[in-house]
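Presented below, as structure tokens, is a lone chain in the form predicted on its own.
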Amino acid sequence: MRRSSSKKKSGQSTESVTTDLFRSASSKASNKEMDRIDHLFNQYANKSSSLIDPEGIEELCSNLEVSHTDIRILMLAWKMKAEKQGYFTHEEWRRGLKALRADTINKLKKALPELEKEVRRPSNFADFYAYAFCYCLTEEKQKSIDIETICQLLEIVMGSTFRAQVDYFVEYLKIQNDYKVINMDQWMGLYRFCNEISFPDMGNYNPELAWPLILDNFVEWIQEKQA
């Protein structure tokens, strides 16, 4: 019985050693991956600010072979949870690229199509849409965005998904005189409108419900055009 007990203990010890070796190897691989991610960050970072600034992002886009206005760059910022438009911190860069398992520019390039699929899932897109608005709040305590910027942002974020609604709403924003800026409530209201209201007949739009006033005005404008 004692020998059996001894063997059992020995077996447990061997298993423990194997587990420790696996963890050690996994940790070393993870550290090497992070080293490569850091090395990539340093290639684009401004040496004095230790940030990837607009110039660095432009170089990154060039190497990824995408425009700086490509929605996937905004999606990359969302994945990093970047807080300031046009800048990536070291921590944000690490967070995003580790999640994408991209430690080289080629891996990052290959990760972009999958990232787009991830963002376009309904469970993620509402969060991305809200993030896009917040990302454009470039001043301290800023709560609204000018009409020109909103029109550009709508084209990037929703143009491929809700083409007709975006075209009409952008046209309306450019000719109306009641609104100089758009706030978050109005921005999210438009997202709800695009997802819930049949278009262009808008037969299920009920102005008595809690829609932002700008959308009531927008629907009225379209109905006048259609009359």
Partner chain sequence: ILFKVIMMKEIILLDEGWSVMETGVAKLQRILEDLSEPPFDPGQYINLYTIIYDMCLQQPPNDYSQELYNKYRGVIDHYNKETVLPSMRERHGEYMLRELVKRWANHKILVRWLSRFCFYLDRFYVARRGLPTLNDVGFTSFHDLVYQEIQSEAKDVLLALIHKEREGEQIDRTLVKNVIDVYCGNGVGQMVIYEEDFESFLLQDTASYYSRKASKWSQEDSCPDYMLKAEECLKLEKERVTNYLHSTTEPKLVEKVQNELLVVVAKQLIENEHSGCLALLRDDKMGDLSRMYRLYRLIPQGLEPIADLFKQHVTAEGNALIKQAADAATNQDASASQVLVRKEIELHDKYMVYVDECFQKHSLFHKVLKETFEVFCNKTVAGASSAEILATYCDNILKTRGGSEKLSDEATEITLEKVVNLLVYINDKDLFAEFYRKKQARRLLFDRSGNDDHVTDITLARELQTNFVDYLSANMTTKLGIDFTVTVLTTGFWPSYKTTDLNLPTEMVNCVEAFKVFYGTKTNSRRLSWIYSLGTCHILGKFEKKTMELVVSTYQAAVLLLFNNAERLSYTEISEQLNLSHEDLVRLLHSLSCLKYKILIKEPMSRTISKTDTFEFNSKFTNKMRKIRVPLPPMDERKKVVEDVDKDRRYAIDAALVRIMKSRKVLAHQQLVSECVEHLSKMFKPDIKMIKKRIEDLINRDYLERDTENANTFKYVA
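Positions refer to the first chain, counted from 1. If you're wondering where the values come from, they're calculated on a predicted model, not measured in any experiment.
The same protein also exists as the form predicted together with the partner chain; that form is not shown, yet it is the one meant from here on.
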Q: Have a look at 66-74, 157-165, 183-191, 42-50 and name the one stretch with heavy atoms inside 4.5 Å of the partner chain in the predicted bound form.
A: 183-191
Q | Every residue of 169, 176 and 200 near the partner chain in the predicted bound form, heavy atom within 4.5 Å | A | no
**Q.** Contact residue in the predicted bound form, chosen from 117, 101, 81, 143 - any heavy atom within 4.5 Å of the partner chain
**A.** 143
